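Below you'll find only one chain, the form predicted on its own, shown as structure tokens.
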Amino acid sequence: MIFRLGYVAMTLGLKDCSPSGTVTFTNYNKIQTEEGKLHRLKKLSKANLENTLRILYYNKAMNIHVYRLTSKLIPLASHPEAVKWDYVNELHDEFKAVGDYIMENNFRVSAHPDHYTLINSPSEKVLEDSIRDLDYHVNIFEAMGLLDYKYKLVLHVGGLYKDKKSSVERFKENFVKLPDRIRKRIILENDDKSYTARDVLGICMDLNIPMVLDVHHHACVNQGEHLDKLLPDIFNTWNGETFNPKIHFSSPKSEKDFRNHADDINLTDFVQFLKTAKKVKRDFDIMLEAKAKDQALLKLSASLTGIEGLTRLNESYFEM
């Protein structure tokens, strides 16, 4: 079994390299002219794309090929009241440079639309806003030339709205109506409050959607299911996909603050999960959702060196 480690959006290993430079809508509205507003958005977006490319250079040097793009590359892009501009064409060169580098180095990149993207909402406005946000994310992939559907968008099922069964059915109904360019990129993740790993697995099997198991979320909410029983079926939802199955892993900040993510990864818990996953006999990727980002990855990587039964192939590739 070979597994790879990845991290989310920001690197702490590079100075002044945020890919998520943004402006609040309140501050944006304080800019007096449309020209000034547009200038601010263009400047931030250009810097975000240039910093993303810097991060990818860094990732290659560190042998890290699993990475989540920030959703904030183009500030306020899906905000209904912000000025509309053709960021795809105006930043063509910057997008192309990022996309070309991703494809040249076979990076596995994804994105994770924010929690307000709810395609099972009973509100038409919320659904409309959610589809607009999904469209923005797909625009980003397409602008980069990442036309292959292997580049995915991770979603949660959404809210319960006082009736779980109806909310699941509404998700399914709205999902199948999405345009192919959006629908074929969506993968589903269990959350930490409402939809368990078993719930999400059932939806994924019904709709033929790959499932991302979030191990931390499973610890937060479950119905007593053991991962060794669920994991084979979860990994099988990836059959036919280009990339291997992917899971999310993070550690609780504390016993009291269990749902929030810690800076680093608990080594004991991580190794225990690996022992469970090994039984499935399948390669997979692990997105680390730790607050310390790439530094948490490198710290975990160093800690795994010397663990019996594990072979470190490089900074983020391991064999067990």
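Note that residue numbering begins at 1 and tracks the sequence as displayed. This one's a predicted model, so the numbers in the text were calculated from it and none came from an experiment.
Below: the form predicted in complex with the DNA, not depicted.
J.: Would you mind picking out the stretch of 75-83, 141-149, 197-205, 88-96 that comes within 4.5 angstroms of the DNA in the predicted complex, counting non-hydrogen atoms?
T.: Only one stretch qualifies here: 75-83.
J.: Verify the flagged residues G6, H65 and N174 against the DNA in the predicted complex: is each one within 4.5 Å by a non-hydrogen atom?
T.: No, none of G6, H65 and N174 comes within 4.5 Å of the DNA in the predicted complex.
J.: Does L160 reach the DNA in the predicted complex if we count a contact as any heavy atom within 4.5 Å?
T.: Taking the distances in the predicted complex, the answer for L160 is yes, it comes within 4.5 Å of the DNA.
J.: So, in the predicted complex, is N27 in contact with the DNA at a 4.5 angstroms heavy atom limit?
T.: The answer is yes: N27 has a heavy atom within 4.5 Å of the DNA.
J.: Should S121 be counted as a contact of the DNA in the predicted complex, where contact means heavy atoms within 4.5 Å?
T.: Judged by the heavy-atom cut-off of 4.5 Å, S121 is in contact with the DNA in the predicted complex.
J.: Taking the DNA as it sits in the predicted complex, is T311 in contact with it (heavy atom to heavy atom, 4.5 Å or less)?
T.: Looking in the predicted complex, residue contacts with the DNA do not include T311, since no heavy atom lies within 4.5 Å.
J.: Heavy atom within 4.5 Å of the DNA in the predicted complex: which of N266, Q295, Q272, N260?
T.: Spelling it out, the residue with a heavy atom inside the cut-off is N260.
J.: Only one of R282, K291, K46, K37 comes within 4.5 Å of the DNA in the predicted complex by heavy atoms, so just point that one out.
T.: After the contact test, the surviving option is K291.
J.: Does any residue in 2-38 get within 4.5 Å of the DNA in the predicted complex, counting heavy atoms only, and if so which ones?
T.: Counting only heavy atoms within 4.5 Å of the DNA in the predicted complex, the contacting residues of 2-38 are M10, S18, S20, G21, T22, V23, T24, F25, T26, N27, K30.
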